[in-house]
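Just one chain is shown here, as structure tokens, and it is the form predicted on its own.
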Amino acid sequence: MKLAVLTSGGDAPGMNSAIRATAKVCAGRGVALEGVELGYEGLIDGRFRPLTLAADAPVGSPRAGSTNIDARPPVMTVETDVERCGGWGGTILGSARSERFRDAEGRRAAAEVLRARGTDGVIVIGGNGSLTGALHLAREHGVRVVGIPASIDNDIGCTSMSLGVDTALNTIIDACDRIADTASAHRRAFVIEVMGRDCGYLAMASAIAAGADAVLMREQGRSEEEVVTALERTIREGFDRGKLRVLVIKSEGVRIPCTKLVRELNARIDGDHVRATVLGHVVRGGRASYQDRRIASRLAFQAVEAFSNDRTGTMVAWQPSERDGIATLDPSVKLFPLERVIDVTRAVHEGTSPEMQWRLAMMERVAGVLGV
């Protein structure tokens, strides 16, 4: 069997861990694995690189360092850069958003490249757009695909956690702790913007973990005036109670820019007490956390298994809240059809999924606690 793996869309810590784990599993089973550079764009252009190589040791010789005289060397080994990349941020395969792949002709060209190379299937590591692309390849051209969810926004359906979320949250918490130090020294309020264009999960989760006084998410549906009025009240009440600092976590999905929001607040509070920090792409970078490496490795293992078990056209999911799905040997991992994943993801973005409704309800209930 010969497989390919690609990373697509926004990069996320843990992508490299998934690439390494996929390569190690394939090498251990004698499955050739190629990496596609620059996502679907590279797939159309035929930009492939080997991730597994033929082992140097002669067949039948004991595995180096083994105490078992019956041990046999692996048929294949992992390319050196792949072996080392597991903890690196970003993706060694590169990523790109491909306009050509959005067109049916582009997808046909990609499928022809796979057929010409004799590729038996593709593992796609990415978010909603990447998984949608995988579904199109399967539907239109019969390509065997398995998806691995990777998005720091944690906005992919049918999985409780996507690759990159844990690392991103740790980065946000560290930044909030540092900002809180200087805010307390000067008795200031800070509005800290984090990523999350279509989903406010990062803002919500980090606000609780960092002890923020308020959180702003697109899903709350507030107007600009309502946002400014609510924050003015939060900041005034916080300082009136003797707080040394006030922290507000804002998701980028809330369209009012941080600079404008701060100007409005300072004008109403009559001073220069409110500052803004936009974390931006800092949240995406950095070495993957233990949790992201762990999840990536276990998802990648089951992704390769799915090809052996003829369960393609699916995505591997980590500890899903849904009770259905296809069970695997790993009790924390299930498989879901890509069609189902895309439908649930759409509901998450629209704020209508049960999971998102629960998150919003919980944030409303703890709203009075945040500012204490």
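Numbers for residues come from their place in the sequence shown, where the first is 1. Quick caveat: nothing in here was measured; it's all calculated off a predicted structure.
There is another form of this protein, the form predicted together with 6-O-phosphono-beta-D-fructofuranose, and it is not shown here; the text below is about that form.
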Which residue, 218, 284, 107, 245, is the contact with 6-O-phosphono-beta-D-fructofuranose in the model of the complex, using a 4.5 Å heavy atom cutoff?
284
Within 4.5 Å of 6-O-phosphono-beta-D-fructofuranose in the model of the complex, heavy atoms considered, which of 166, 252, 264, 213?
252
Residue 206 near 6-O-phosphono-beta-D-fructofuranose in the model of the complex, any heavy atom under 4.5 Å?
no
Indicate whether 6-O-phosphono-beta-D-fructofuranose has at least one heavy atom within 4.5 Å of a heavy atom of residue 300 in the model of the complex.
no
Flag residue 292 as yes or no: does it have a non-hydrogen atom within 4.5 angstroms of any non-hydrogen atom of 6-O-phosphono-beta-D-fructofuranose in the model of the complex?
no
Is residue 135 near 6-O-phosphono-beta-D-fructofuranose? Define near as a heavy atom within 4.5 Å, in the model of the complex.
no
Candidate stretches 185 to 193, 86 to 94, 225 to 233, 148 to 156, one within 4.5 Å of 6-O-phosphono-beta-D-fructofuranose in the model of the complex by heavy atom:
148 to 156
Can you list, in sequence order, the residues from 213 to 246 that come within 4.5 Å of 6-O-phosphono-beta-D-fructofuranose in the model of the complex, counting heavy atoms only?
none
